[in-house]
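Shown next as structure tokens: one chain only, the form predicted alone.
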């Protein structure tokens, strides 16, 4: 199983710490593309909330002017009475029906504006979410392989899924609630001041306390949410790792061990999340207490005012209808203030997520290209390695690799495990960049040409065969999407795959399952070879391309590969030395250096490492020198210790 240290810090912590104003960046880089939808949502929200205030106001007017008839209808309005006056009919019942008509119209118009508001905010949020997710994935997949070697798949999935979804929650619900709160607070505050500015000051007493309380909450909850997001990534990584290795877990009967490991990371997430929850569940009831105190004081002062006259230092009159309006508005004013904490809660979650998203986006890419880089033009297919050295994280892997291969020739790389054979070929593909030296194709430095043209010129068959979820044909045509069925079948025949494909339930349309789980290792490898054959590359790279097939199938595939490689430059890595004995050149690597070079026959005559490896495969173990056996034991020990 993986040797990842699950107690390590967030792998994106260094980048996250360098992100300044992540929410500002989110709105400027992505939100600005959809300002029209956001503006529609804001304007519709404004009118919807204003209309929401009208029924309560009309109730107060009806109490004073229609039911109690204490004042004329137009004068019952705290604001705008002069505008209403000319349209007020005479008679109590006519005014009663007018009130009903205004209230009903307010509800209908409000519903329309609410629909428009939801359309605007949802359009804004969904588009931003889509753009952020696709851009984050695009940036991530362009990073060098060193990045993926250091990061867990579950951690990146957590960012692309959970963190991006959390942004949508704030951009839709959070912003919607924020503008609702602003309109309600400003609108209600203005009406309360217009109705009775003295009583309004009483209603507004809790506001400063709520502001201070909210500020304390923000400072406390922000680091807790960052910790929660980090632990979510660890949980996802552990689950992804275990599900991918479920066959090993079952065959090793380590279910209990893995359950304990999942429980450990789940407990870490539980503790972090529960810490944030404890802060939240203290904050929101506290806000409600402050809001409730304000409501009680307002009701007490207003009630005394209506029943006994202005209490204490207060002056003026307060009608029954306006007192009812005041109480209704006060409740609708205080509770949105309390809900401000929920908006802050969503904002802090979104901020923590945006830090992780931009932290992933801003990962440095050690393999790039110049904006005006030309395309690679392969004419002869000559490949040169000029004193190439490379290392992972300052640990040397390859030193002074120097060779040239003429177009149409085949070069084989052999050597013990961990010698650096696969790394040599990955440098040609620019999965990594060399630390020193140069790699050239037809005198063009691979660093100077576009990555796309370089990799399109190379056909790569890895020892780690990967198939995508989909049909057999979709996997063969991957990267050559415009190929027709006839070309696919021809490629499959050359890879010795056509016969087994036709025996599948649906032939070339058979679904292979996730990672090709429905096929054997040898079948998956043959589909990978067919994919490379269909690409018809200028340069062919075979990294143990027949490692998962039986000897008979290997013979058939090797015959097809020989035909394919006849007129193109070919690199081949193979532990079975019989498959590369006809190569034009053989390089023997040990410890990241070329220790022997020549043809198969020349190397056998030299009696060096190659001849000993050949002896191992020929079953001549008793004839091997003791020095070779001791070196093999040391290499194996280093490999098991993770040093190679």
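Nothing here was measured: the structure is a model prediction, and the numbers come from that model. Residue numbers count along the first chain shown, from 1.
Beyond the structure shown, there is the form predicted together with ligand ADP, which is absent from this document and is the topic of what follows.
Note that among 103 to 111, 227 to 235, 419 to 427, 116 to 124, the stretch whose heavy atoms approach ligand ADP to within 4.5 Å in the predicted bound form is 419 to 427.
Though ligand ADP is absent from this view, in the predicted bound form it lies within 4.5 Å of a heavy atom of just one residue from 284, 295, 340, 432, which is 432. Scanning 392, 469, 274, 197 against ligand ADP in the predicted bound form with a 4.5 Å heavy atom cut-off leaves one residue, 392.
Looking at residue 397, you'd find a heavy atom of it within 4.5 angstroms of ligand ADP in the predicted bound form.
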